[in-house]
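Shown below, as structure tokens, is a lone chain in the form predicted alone; questions about how it binds or moves come after it.
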Amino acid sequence: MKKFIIRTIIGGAIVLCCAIALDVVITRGLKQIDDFIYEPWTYIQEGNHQHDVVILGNSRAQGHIHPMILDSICGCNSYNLGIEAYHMNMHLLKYDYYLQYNPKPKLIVYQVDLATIHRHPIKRGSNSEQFLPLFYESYWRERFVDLGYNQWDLYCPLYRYFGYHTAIRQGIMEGLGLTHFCINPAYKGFKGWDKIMEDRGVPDDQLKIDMSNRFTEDIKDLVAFENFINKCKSEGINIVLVYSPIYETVEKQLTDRDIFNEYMTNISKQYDIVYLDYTKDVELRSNKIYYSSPGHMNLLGAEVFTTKLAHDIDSIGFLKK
């Protein structure tokens, strides 16, 4: 019986060591992949990036606001912290995480829409594999429990990888140096879409909005949003709220659009910040070739829109002070 117990302990220790080693290999490998999902987190961790401007928001921030154009027109160094398919809780956490390694910016450009001021757990969400390499960091361990993960995810090697077959395969191959994956690399956090909505052949009257059409009713979310604005103001960081374009034929599907716009207008006055609403821009909202889907501009649309946005920001003069 004593030998059995000893062998069991030794066997368990070997399995645990192998699991830890494999976890480390996969995690290290994912951090080396050139992909818009993983690369921005690795970039943040490198630290000491001097960005005058950071861009916050969801996929409409990540794919609508091009740092290259913003930099060239405004004479600044910007980075896009947009995070596809996630709401305000992750926007603010990603920004706060950015500040753990990098100096604060002069200006925050926050792309806001009806999908912004919400929060939800991130476990098993869209592109949630991007969070898997972050579990070794104390910053995230303190926050992942509130985002849907449990103690097994946090402390059991490999457990959080269950079901992520592609991430496991790519992490092992990259971590062992067998291959290098360059899948969908981003430019300074920006990742645009090449396709044109016109190619789908769907009549305008049959298009469906591909984003939230409801504004939040949770006072906690509104308080968190306003606390963030107030904190940035107290730290001397300027904020520009931006409502980027939406294809005009689906605007009527945005049930709470007027409520949202009224709230943002009031917030801009209350906190003395700039709110730029481009959903009323006739050229941007009506030209189908600028869109990959009703709620998302393609690369061409992003270039045209960012050019207008950059000139507007430049004329405000935040970056000239």
Partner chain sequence: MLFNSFEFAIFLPIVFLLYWFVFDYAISKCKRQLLWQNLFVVVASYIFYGWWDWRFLILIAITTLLSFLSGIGIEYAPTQRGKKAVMIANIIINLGILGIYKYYDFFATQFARLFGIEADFLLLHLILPVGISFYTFQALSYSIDVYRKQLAPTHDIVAFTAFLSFFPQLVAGPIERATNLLPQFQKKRTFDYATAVDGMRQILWGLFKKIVVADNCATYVDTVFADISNQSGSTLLLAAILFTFQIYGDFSGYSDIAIGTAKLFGIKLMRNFNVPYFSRDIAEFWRRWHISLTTWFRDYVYIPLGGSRPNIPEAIRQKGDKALEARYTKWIAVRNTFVIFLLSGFWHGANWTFVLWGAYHALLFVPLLLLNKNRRYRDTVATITLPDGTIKTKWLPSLKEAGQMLLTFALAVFGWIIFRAQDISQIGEVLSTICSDSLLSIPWLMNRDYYIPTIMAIILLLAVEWRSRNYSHGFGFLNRSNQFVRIVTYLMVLFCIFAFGGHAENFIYFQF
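What we label the rigid core is the largest C-alpha set whose atoms superpose within 1.5 Å from one form to the other. As the structure is a computational prediction, the values presented were derived from the model and not from experiment. Positions refer to the first chain, counted from 1.
The protein also exists as the form predicted together with its partner chain; that form is not presented, and the subsequent description refers to it.
- Three-residue candidate spot 263, 270 and 278; no residue lies within 4.5 angstroms of its partner chain in the predicted complex by any non-hydrogen atom.
- Residue contact with its partner chain in the predicted complex: residue 147 places no heavy atom within 4.5 Å of it.
- Its partner chain is not shown here, and in the predicted complex it never comes within 4.5 Å of any heavy atom of residue 225.
- None of the heavy atoms of residue 33 is located within 4.5 Å of its partner chain in the predicted complex.
- In the predicted complex, at least one heavy atom of residue 165 sits within 4.5 Å of a heavy atom of its partner chain.
- Put simply, of 104, 169, 231, 180 only one has a heavy atom within 4.5 Å of its partner chain in the predicted complex, and it is 169.
- A heavy atom within 4.5 Å of its partner chain in the predicted complex is found for exactly one of 156, 176, 99, 85: 156.
- Heavy atoms within 4.5 Å of its partner chain in the predicted complex map, among the stretches 108-116, 131-139, 156-164, 86-94, onto 156-164 alone.
- Taking a 4.5 Å heavy atom cutoff to its partner chain in the predicted complex, the one contacting residue in 129-152 is 152.
- With the core held fixed, the Cα of residue 24 is displaced between the shown form and the other one by less than 2 Å.
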